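Encoded as structure tokens, the following chain is the form predicted on its own, with no partner shown.
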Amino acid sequence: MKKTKSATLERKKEIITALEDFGLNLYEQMEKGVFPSIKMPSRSIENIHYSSDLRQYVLGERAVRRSARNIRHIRPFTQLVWAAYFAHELAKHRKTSTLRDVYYSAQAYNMSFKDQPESNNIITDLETVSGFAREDFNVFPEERSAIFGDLTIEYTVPGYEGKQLNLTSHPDGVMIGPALTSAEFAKTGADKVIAIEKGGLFTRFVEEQVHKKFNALLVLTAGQAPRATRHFIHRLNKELNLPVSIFTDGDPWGMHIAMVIISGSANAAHLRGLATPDAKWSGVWASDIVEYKLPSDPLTDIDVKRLYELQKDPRYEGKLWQKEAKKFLKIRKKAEQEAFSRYGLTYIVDEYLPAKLEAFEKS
């Protein structure tokens, strides 16, 4: 189940070498007396395509070039070179940083970013150029997701190498941060993963010992799952062969939260390892709102517009997605996960969840 320590070190070496090769290429261009340039795949909308084979968005063959010869390119060119240097420092010294910290760290190097979205975009450019994810460079967003259940992990971060932790150790769950996402899986007694959009339902599932009753690992996505969480779910599915069931609010935004876990996003079309194509959206469905007579709210005009957009998205071509989108448009209602509490605090665990998981296992 665990990877060897040498495999982890080899991965780090590969990342550092790729960054050094990036810098060496620029140096060699200058040695030849030419303006250095950087070629990378285009992330324009026209170059993003849905791959039915990979079941996720991918980049096409179009490329763009940034050259120090072009005065309009000098700013993003130098920002990208600095980002590569900073990522190399993080990887070399095994330090971590947040996206916010990258933005402020640039000031220590007299590197100028007008705002954090600009620095975030440069980090994404570095991913595109290098073929590695920002998490490989030890750059993470702020932590907000969590996991709870019978999984023992072994840390690989400095100072904690070899130390193990069972993820039932804290009743609030364990935050899915850099130390956890880089850890190895030592052992587990679980046979499935349940991903949950809302913190209230996650807490309810922990209180009602869903992890024991259904032999499951519980993952709180806290809304749209951060990339590190999506990668972690991907690892649970691929490395431990655990099927993944996703529970969201019953609205088009909940549908999209589930789909991003399943098929990824256009914004991350340049990366692999973030999608879990065999994961299933188990609810809350529009048909559940009708069947369970759930308290609901009317769909807004924005909700309706979003549903029409989802119907045209190639990721939603499946029968279930099309059926539920049409059902939402027909009933013009939406419902939250907490709506099941109208039948009592434990109804969702005692009645709804068993029925959904049984259907999930048969699908």
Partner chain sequence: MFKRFLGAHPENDKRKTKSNHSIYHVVSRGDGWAVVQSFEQISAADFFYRNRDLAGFTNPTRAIFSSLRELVENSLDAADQSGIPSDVYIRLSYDHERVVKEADEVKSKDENLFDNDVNSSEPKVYRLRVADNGSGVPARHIPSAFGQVLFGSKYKLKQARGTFGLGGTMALLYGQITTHKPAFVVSSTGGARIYMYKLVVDIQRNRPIIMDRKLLLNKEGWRGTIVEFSLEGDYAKAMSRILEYLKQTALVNPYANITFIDPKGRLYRFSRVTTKMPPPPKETKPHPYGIDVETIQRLIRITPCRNMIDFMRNHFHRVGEKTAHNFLESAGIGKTRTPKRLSQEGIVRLVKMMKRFRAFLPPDASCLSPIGEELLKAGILKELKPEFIAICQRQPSTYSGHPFIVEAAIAYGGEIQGKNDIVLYRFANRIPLLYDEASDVSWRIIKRINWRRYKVTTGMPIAILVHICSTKVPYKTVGKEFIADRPEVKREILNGIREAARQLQHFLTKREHVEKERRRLSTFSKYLPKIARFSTELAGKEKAPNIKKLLSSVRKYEEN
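All values reported here derive from a predicted model rather than from experimental measurement. Numbering follows the first chain given and starts at 1.
Keep in mind the form predicted in complex with the partner chain is missing from the figure; the text below concerns it.
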field: Contact flag, D53 vs the partner chain in the predicted bound form, heavy atom cut 4.5 Å
entry: no
task: Determine whether any heavy atom of D301 comes within 4.5 Å of a heavy atom of the partner chain in the predicted bound form, and answer yes or no.
output: no
message: Can you work out whether M175 and the partner chain are in contact in the predicted bound form, taking contact to mean some heavy atom pair no more than 4.5 Å apart?
response: no
task: Determine whether any heavy atom of T78 comes within 4.5 Å of a heavy atom of the partner chain in the predicted bound form, and answer yes or no.
output: yes
- request: Just give me the single entry in F185, Y85, Y160, Y104 that has a non-hydrogen atom within 4.5 angstroms of the partner chain in the predicted bound form.
  value: Y85
statement: If we test each of L307, A335, A68, I48 for a heavy atom within 4.5 Å of the partner chain in the predicted bound form, the one that passes is A68
The partner chain in the predicted bound form: contacting segment from 292-300, 57-65, 315-323, 30-38, heavy atom within 4.5 Å: 30-38
message: Could you pull out the residues of 14-29 that have any heavy atom within 4.5 Å of the partner chain in the predicted bound form?
response: L19, E20, F22, G23, L24, L26, Y27
